[in-house]
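Listed next as structure tokens is one chain, alone, in the form predicted on its own.
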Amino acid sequence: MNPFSALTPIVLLGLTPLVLMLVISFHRSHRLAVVISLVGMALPLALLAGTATSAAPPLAPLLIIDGYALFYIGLLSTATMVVVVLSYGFLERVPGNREEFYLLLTLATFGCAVLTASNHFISFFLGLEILSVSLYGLVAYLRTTRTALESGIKYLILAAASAAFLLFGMALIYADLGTMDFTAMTSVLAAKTREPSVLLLGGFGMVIIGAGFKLAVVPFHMWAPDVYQGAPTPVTAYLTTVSKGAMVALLLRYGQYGGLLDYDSVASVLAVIAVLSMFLGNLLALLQDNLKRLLAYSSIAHLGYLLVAVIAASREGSHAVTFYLVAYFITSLGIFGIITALSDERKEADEISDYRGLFWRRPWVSGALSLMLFSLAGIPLTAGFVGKFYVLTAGVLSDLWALVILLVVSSVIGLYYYLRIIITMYLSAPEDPSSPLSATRRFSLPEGLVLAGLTVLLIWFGIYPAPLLSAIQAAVGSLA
């Protein structure tokens, strides 16, 4: 098999923004831009099965197109398609040009795909910068609003600073190991008989700082609440799912090949970050009245949970991380999709008070939102419960008892603010004409189908996760 044919999914993802750019330059059509974006995400999905079953040689040293990379490319492409559908209704209510939004969105997904297949610091950095530069524009896309511009500037400044840390960390690691290839790092580290040098540990630390910003874990989380609140809601959904999912996929591969988790000192640093993220994320979420800010802090806590499985550094840990990410994608896209669909041209439905009495006006929507919140809390019969169970199992099998206990305790804290939102939906409805609940707008057919599908998947994977687990085991098996 021609090794370059394995690149077809990534090439198609890269061609999508190019086609969009050419089409926009000749003819502006919001609907056409949506169609091209959906087709551009769907074509790689259609080719994934054939590519995965072909014996493609590694595209060393930059990329590895294995089952692991293909699984994550499929996951990220599917999530992007959901964001595209949600964005259409949102942008229809916003004045100004809309087509460039999808250009940036598809370009960001291309960067995410490069990250998931990266086997080298060069492809790592290129993929990350393609993603980051696209996100600068997406976060500040509603340029006529003060909060969007403020969020975009904050994200730009902090992302630039984190990129500097990341580059310097890569330089230190290269200075010590003499290679930037993840696979080659394994051989070099195995041949070392001495203790790790200051250069190597310093490089690992700076890489953690750069990745920590992208994941918004403590203490690199300061940007998340403001950016989540100020960015357009579909962009917030993309930030919390596709953007973070790509970075987690990269960290798993780097941890497997690059020796990141081979040293106790590095694992200890990650453990401290995990504990701080779990507790500070949940405790600060208790103080929020804005739903998007609350979900930002909740996301910080969930990334802390994920780090427990990453630290486990085992096959079970990789399985747990991947399943948890799938469950988290479904849940987060569902919640932000409901916020998007309930918002109108007057205001976004991003305050908890906006959901007072939702059950009495839109019972099906309140039921779906309740299930999504139950999943984030880890309640049984939801995908979130199964995901958290596997994270705990990975921690127990790796004897990370302190982290497992702290994870359980912090999860109990999180249960309070999720239940607070649910209880609010079942209170008597206010007679406030400015409330989004008083709007006459109903969900469009695509929005309704997407949200219904996410709800079904949430319950399906919570009751019968075996097919998804089998797919994850086959994909992650190629990583070992």
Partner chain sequence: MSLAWILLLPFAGGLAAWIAGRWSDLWARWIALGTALLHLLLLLVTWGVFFTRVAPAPGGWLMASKQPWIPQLGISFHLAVDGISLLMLLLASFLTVLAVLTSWTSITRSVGFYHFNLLLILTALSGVFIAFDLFLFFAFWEISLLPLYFLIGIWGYENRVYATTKFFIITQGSGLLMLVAILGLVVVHWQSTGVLTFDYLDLVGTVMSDTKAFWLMLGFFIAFAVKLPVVPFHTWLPDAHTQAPTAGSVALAGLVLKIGAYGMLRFVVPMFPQAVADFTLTAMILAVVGILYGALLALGQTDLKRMVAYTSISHMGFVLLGIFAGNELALQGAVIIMLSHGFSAAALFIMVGDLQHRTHTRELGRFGGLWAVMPRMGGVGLFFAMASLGLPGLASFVGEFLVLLGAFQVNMPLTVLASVGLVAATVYSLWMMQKVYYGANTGDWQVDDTSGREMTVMASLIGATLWLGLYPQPVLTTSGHALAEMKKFAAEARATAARPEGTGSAASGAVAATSPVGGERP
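Worth saying up front: this structure is predicted, and the values here are computed from it rather than measured. Numbering follows the first chain given and starts at 1.
This next part talks about the form predicted together with its partner chain, which is not shown.
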Please determine whether each residue of G378, L381 and S411 possesses a non-hydrogen atom within 4.5 angstroms of its partner chain in the predicted bound form. yes
Would you point out which of 64 to 72, 445 to 453, 35 to 43, 420 to 428 contains residues with a non-hydrogen atom within 4.5 Å of its partner chain in the predicted bound form? 420 to 428
I need to confirm a contact call. Of A159, L392, V275, V269, which residue comes within 4.5 Å of its partner chain in the predicted bound form, counting heavy atoms only? L392
Picking from Y88, Y257, F385, F279, the single residue whose non-hydrogen atoms come within 4.5 angstroms of its partner chain in the predicted bound form is F385
Please check if L47 has a heavy atom lying within 4.5 Å of any heavy atom of its partner chain in the predicted bound form. no
Should V11 be classed as touching its partner chain in the predicted bound form when contacts are defined as heavy atoms within 4.5 Å? no
Even though the partner isn't displayed, in the predicted bound form is Y263 close enough to its partner chain, meaning a heavy atom within 4.5 Å? no
In the predicted bound form, does S398 come within 4.5 Å of its partner chain, counting heavy atoms only? yes
Does anything in 196 to 220 come within 4.5 Å of its partner chain in the predicted bound form by heavy atoms, and if so which residues, in order? none
